[in-house]
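Okay, here we've got a single chain as structure tokens, the form predicted alone, with questions on binding and movement later.
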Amino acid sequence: MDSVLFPKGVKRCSLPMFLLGLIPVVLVLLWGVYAMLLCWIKGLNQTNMNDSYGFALWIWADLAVIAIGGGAFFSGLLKYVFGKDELKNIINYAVLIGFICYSSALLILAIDVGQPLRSWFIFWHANVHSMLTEVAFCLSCYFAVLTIEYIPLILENRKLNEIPFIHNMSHNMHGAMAVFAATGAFLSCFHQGSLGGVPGVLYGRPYAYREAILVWPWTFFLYTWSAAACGPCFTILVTKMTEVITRKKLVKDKVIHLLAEISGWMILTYIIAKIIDTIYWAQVTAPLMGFHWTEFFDSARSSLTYHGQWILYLEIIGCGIIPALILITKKGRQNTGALWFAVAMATLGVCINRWTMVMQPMAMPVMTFDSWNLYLPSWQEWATTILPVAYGIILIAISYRYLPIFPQESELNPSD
């Protein structure tokens, strides 16, 4: 009976086996929910945040999932606005991944705020002088756009689609997707940029501070650029992981290679801009503020501390230049191992960037009598950070089982 709900022409495992496979993930989810409830009931004393670390693991996780969720807005822009029609075979999955990332970001913020029932204060008592207000508005609106883009996939469930009203609604919503994709790209560019603008204006935190173009610090543009560049890599990475888990070919290689090539050129141009920004910061910005750039890294105890200089080189070279060179070359994209490595490192690179722009400024002493502030998250912080991962796996599993996420699946797996 369950099989009539599957997408046409494909096979899925039995329901008992499906539920059995989800048990470990559900247990992790419940662990995260328990930690979340502790934070809401007992307060933020459940965390290891302090006066130095008001922004900590949760904010990094929030910025990271928003960045890697950038594959949704950029893939939509490429498909619906720039006419890259080949991407229609992966755009559904990009939307699903974006929906998971942005709903996870909102969940993390609800935990971090500590009183989610007062979240409406952001809109009713908006601080019009704060970039975070603009972030809250754009983030909420873009999540609404992603929800609208995800609804047609639900309506295309094999059983639901038999109902004429739902079939026509789904068809009409698909016809308007170009408008939503363009709107989503506009909203996403602004909130990605404003998230970068927040550390960029922190004059008292000179590691993150940057000069501005008009009213926008350089980090405003770098954050948007990096999300558009690395977000598609995360989409490719999750797609390849799904293929391994399901033991099926889900998307044709030429679709993956097209998205990988575009992403590779985006990463290359971004990393060049990042290098220019870093050199200018090290040679001009830092000295004008009375610092040598090496003072921004904790090298006194050990070069292996997570605030050491190695993290800068890893971000730029290991997670920037090398993945970009692999993805822009045909031979690199066609090599399965190299492709896996490149998209994984690019995804790691944008996460490292968000880590350093959140954690490094908080850790570094800004007064002569200060010392480096080291921070280790509590188990409640780890559990609630892992919670969205479990939630994402469950939603992907259910969507893959019952919704036509991959249009090419039946064609690529004729034995089904």
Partner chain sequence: MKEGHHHRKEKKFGMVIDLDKCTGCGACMVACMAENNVPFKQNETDKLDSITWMRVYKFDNGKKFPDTEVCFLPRPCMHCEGQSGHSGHSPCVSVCPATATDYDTDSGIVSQIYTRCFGCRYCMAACPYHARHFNWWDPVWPEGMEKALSPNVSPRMRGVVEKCSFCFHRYQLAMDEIYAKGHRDFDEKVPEYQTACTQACPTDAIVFGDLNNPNHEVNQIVKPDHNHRLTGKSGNPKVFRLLERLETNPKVYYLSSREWVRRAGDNYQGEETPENYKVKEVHH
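Positions refer to the first chain, counted from 1. Quick caveat: nothing in here was measured; it's all calculated off a predicted structure.
One more form of this protein exists, namely the form predicted together with the partner chain; it is left out here, but the text below deals with it.
Not displayed here, the partner chain is kept clear of Lys252 by more than 4.5 Å at the level of heavy atoms in the predicted bound form. The partner chain in the predicted bound form comes within 4.5 Å of a heavy atom belonging to Gly114. For Thr278, no non-hydrogen atom is located within 4.5 Å of the partner chain in the predicted bound form, even though that partner is not displayed. Contact check for Asp85: every heavy atom lies farther than 4.5 Å from the partner chain in the predicted bound form. Highlighted residues Val81, Leu222 and Lys330: none comes within 4.5 Å of the partner chain in the predicted bound form, counting any heavy atom. Taking Ala390, Met49, Ala383, Ile352 one by one, only a single residue has any non-hydrogen atom within 4.5 Å of the partner chain in the predicted bound form, and it is Met49. Residue in contact with the partner chain in the predicted bound form (any heavy atom within 4.5 Å), chosen from Ile316, Ile122, Leu258, Leu268: Ile122. Remark: of stretches 85-93, 334-342, 205-213, 319-327, the one touching the partner chain in the predicted bound form is 205-213 (heavy atom within 4.5 Å).
In the predicted bound form, Asn127, His129, Ser130, Met131, Leu132, Thr133 are the residues of 127-153 with at least one heavy atom within 4.5 Å of the partner chain, listed from first to last.
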